[in-house]
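Shown next as structure tokens: one chain only, the form predicted alone.
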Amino acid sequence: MRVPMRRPGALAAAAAIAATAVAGCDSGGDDTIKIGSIAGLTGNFVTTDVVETAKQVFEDVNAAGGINGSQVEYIVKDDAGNPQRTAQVARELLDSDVVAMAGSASFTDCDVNGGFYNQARISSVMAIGASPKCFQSPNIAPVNVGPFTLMTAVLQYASEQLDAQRVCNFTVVLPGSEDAVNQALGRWSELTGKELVVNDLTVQQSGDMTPYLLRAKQERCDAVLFNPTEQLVVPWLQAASTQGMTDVDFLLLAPSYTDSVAEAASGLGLNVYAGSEFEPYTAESQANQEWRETVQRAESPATAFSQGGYLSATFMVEVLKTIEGEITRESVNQALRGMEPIEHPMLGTPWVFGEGESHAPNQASKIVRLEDGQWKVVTPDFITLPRD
């Protein structure tokens, strides 16, 4: 689950985005295709890198002639991480006649607006989904794996590839996510036939982590899953190092797979692994080449979040290109639900919106390991989970 956080330079980037909501066209005339997005440009959950990269994708399309001769107008609204503001900006976007949403990265969008999107019959190709509601809506299909599928994949890696015998879980459960966490843990048991030695869902978002680690030592856990915020993971690992837990495999989720965590946790002498949302963003692979070039043109930081912005905008463009005739909210809905799955090298499973009351098309992750202050890919192939 993504954590509330600020990023360096985020406020300046937010101002730039807010000042240039239109991507590559002069104004919202009749020949434009309006796409909306809700992101945190200010506040504690800042996701400017997501919309900067998505905006660049649309600008590139417009520079190449647009979609069937029409320019894309990309309208980004800042919800500042405030649920009331999240609801307000969604209604502003629909009042602006957007035909779909793409590149959204809001911590509250799915919970606050999921029902409204359904009522208004508008679809969202979300860049980063974190809440269970993002994967349980007929109108939202994230491009990222998400925390719950990732939890299953990381546990499977530990038990099946690291051969961990005593796997333990220490999870911070956010409001509304307990059922999804339990389903993810149960899915691992169903896939492997194994049970957790410790399953502690009482971990708090602040405070001393040592008591949890002492319990892990007492229970002789050889692999420990932890889903901390980025601010909490380093104290957790530092405390583990103090406890001398050098023979334990620490399993983290995507929010901990960052450059800052790698730098801060370097030298602790621990075995630290993390699951990725997409092709690992630190990999200089062919799969990442077009995304990396897009990020460079956008002058935005290369992050896993920006991968989500790139993919969601790219997939939206591919679907829009298939529409014959007028591009309206209804024709976009029909195109998304009738689309052919899109294969992309940054994903381990094809992405598709499709019919259905819920959408979780991305079911694959790669694992990275912290080595000498850098994240190194340790699974060249995606770990792909079977669909439910």
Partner chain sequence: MLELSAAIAGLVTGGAYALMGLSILLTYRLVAVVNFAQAAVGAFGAFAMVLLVEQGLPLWLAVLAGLGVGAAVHALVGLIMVRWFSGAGEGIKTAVTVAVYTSFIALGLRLFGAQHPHRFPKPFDTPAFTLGNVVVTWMAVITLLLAGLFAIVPVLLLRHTRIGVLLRALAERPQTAELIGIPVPRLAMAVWAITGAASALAIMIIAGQFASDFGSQALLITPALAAALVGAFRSFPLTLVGGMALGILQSVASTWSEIKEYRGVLPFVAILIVLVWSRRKERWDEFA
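Numbering follows the first chain given and starts at 1. If you're wondering where the values come from, they're calculated on a predicted model, not measured in any experiment.
Although it is not shown, the form predicted in complex with the partner chain is what the next lines describe.
Exactly one of the stretches 97-105, 146-154, 261-269, 186-194 approaches the partner chain in the predicted bound form with heavy atoms within 4.5 Å, and it is 261-269. The candidate site formed by T42, P235 and Q243 is fully in contact with the partner chain in the predicted bound form, as each residue has a non-hydrogen atom within 4.5 angstroms of it. Note on the partner interface in the predicted bound form: the residue among E318, D111, D200, D249 having a heavy atom within 4.5 angstroms of the partner chain is D200. With the partner removed from view, the residue among G115, P211, P83, G176 that has a non-hydrogen atom within 4.5 Å of the partner chain in the predicted bound form turns out to be P211.
Mapping the unseen interface onto this chain, E230 counts among the residues with a heavy atom inside 4.5 Å of the partner chain in the predicted bound form. Although the partner is absent here, K217 lies within 4.5 Å of the partner chain in the predicted bound form, judged by heavy atoms. Within 4.5 Å of any heavy atom of the partner chain in the predicted bound form lies no heavy atom of Q161. Although the partner is absent from this view, M346 stays clear of the partner chain in the predicted bound form, with no non-hydrogen atom inside 4.5 angstroms. With contact defined as any non-hydrogen atom lying within 4.5 angstroms of the partner chain in the predicted bound form, the contacting residues in 174-207 are D200, T202, Q204, Q205, S206, G207, given in sequence order.
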